[in-house]
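Next up: just one chain, as structure tokens, the form predicted on its own.
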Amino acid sequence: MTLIDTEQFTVRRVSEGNNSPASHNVSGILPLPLPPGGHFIGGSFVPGSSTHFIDVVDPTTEQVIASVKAGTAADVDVAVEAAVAAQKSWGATTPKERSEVLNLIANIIDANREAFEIIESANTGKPRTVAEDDVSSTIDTFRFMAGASRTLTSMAGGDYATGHTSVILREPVGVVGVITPWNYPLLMAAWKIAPILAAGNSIVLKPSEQTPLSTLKLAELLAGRIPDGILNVVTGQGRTVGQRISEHPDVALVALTGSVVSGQAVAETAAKSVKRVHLELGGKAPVVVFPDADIRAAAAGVRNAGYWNAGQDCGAACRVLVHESVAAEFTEHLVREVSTLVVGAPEAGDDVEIGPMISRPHFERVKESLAEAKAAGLHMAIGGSALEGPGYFIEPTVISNVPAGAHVATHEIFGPVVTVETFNSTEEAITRANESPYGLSASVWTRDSSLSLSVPKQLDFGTVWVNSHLVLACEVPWGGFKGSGYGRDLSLYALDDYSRTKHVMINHGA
């Protein structure tokens, strides 16, 4: 391993001898425990109808580590048929029985957590600490939903019309199509699978073609342990597999976490059959720092929440709006914080915090955004370039003194890039924050109890933190407004989204 100390941050590289797919590992001991490469349908892996494959690339080495089947519409049809058949009996189970299956899934993941961490790091380039957090959060998601599925409440039964007794039933919607993203492959699958199964539905899931390995590994470990057909996985491209899931007449609801463009395509297709859609899309989270805030804490908070998972997070603290009176102080602290970040491959050390961009196309998009900012004359307070050598690494970057309306501060970069703007009044801060086309998350930093209550109410975002950012819990909902989509993940609200309400009224007065 070579160590490069710069004036900005530390870059750790693994020696060339450790860069081959065969030796790629996180712990330095275990090889990559690859899952089967077929589709998982009806409880087992099948080859599917196509002879074409999609290469899966390690973004730290740019080498192919596996290949998976390029699914077809016909493969989706087979998976939906299996899901329809399985849902009839699964939907008739009791909450207790479904809870036991979800707890079993959590236990299986827990027993194989090291394998999942290795796969996730190899497939995405995540540092070990990020992969560990993903797996732990995945386990907690299933355990929470196992309990939540037994506590559903509805309007009380009663006589709301004379001589008639009303009962409210919560029913499964049926087969749910799921499309998951590349930035949190296992965790985002869990955010969908757990509440969907808890509500009595069955699933046909398409993982991102860039990061399908951990989802396939989950299917491999669940085979024969959960009812056949309630979880089906079809790998492939969105334009074929995702399109067919969205349009299939036997799919009652489509749930997607992904880009705005992907969400628009799914919603447009689903609208033709009037099926429900659950969308968790992009974000450009504003971080509003008032002059009375703990400036050091705010800078440290942005270090953690702006660069977690290399900024490839829809809730990342990527757009700072700081009062002009403390802007210089805040920027100084933030640059100092960012200078301590360690960049590198996951196997380069446990202190690595920043991994690569997920793919060559995304790497080029982030580079283009930085080039546009430089061409516009914006100031790179730290970073601002790609790193030389193998892998899709971008320097952790802070762009300071960004003018209002700058493109770099309004569109989603999805990389380790934080912009800093200034404001001079509370009203301006709220207006500027709400100008974003996204509405997923935001944070407010202040010691003023009045501002901590009044400002979040005026911010048009689904989650607003005060004096923190990117803190999540299974008990509370996650989802956005405006261009960030609709529907809620986590919490009891997710169970609401994946069930339907039926009113039964009995006439007993005749």
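Remember, predicted model here, so these are calculated numbers, not experimental data. Numbering starts at 1 and runs along the sequence shown.
Keep in mind that the form predicted together with a small molecule is missing from the display, and what follows is about it.
- With the partner omitted here, the residue from 256, 302, 285, 145 that has a non-hydrogen atom within 4.5 angstroms of the small molecule in the predicted bound form is 256.
- Site annotation in the predicted bound form: the residue of 436, 400, 72, 243 reaching within 4.5 Å of the small molecule with a heavy atom is 243.
- Using a 4.5 Å cutoff between non-hydrogen atoms, residue 265 counts as a contact of the small molecule in the predicted bound form.
- Interface membership of residue 355, defined by any non-hydrogen atom within 4.5 Å of the small molecule in the predicted bound form, is ruled out.
- Contact check for residue 280: a non-hydrogen atom falls within 4.5 Å of the small molecule in the predicted bound form.
- Among residues of the shown chain, residue 165 is not one whose heavy atoms approach the small molecule to within 4.5 Å in the predicted bound form.
- Exactly one of the stretches 156 to 164, 175 to 183, 343 to 351, 224 to 232 approaches the small molecule in the predicted bound form with heavy atoms within 4.5 Å, and it is 175 to 183.
- Using a 4.5 Å heavy atom cutoff, none of 122, 308 and 396 lies near the small molecule in the predicted bound form.
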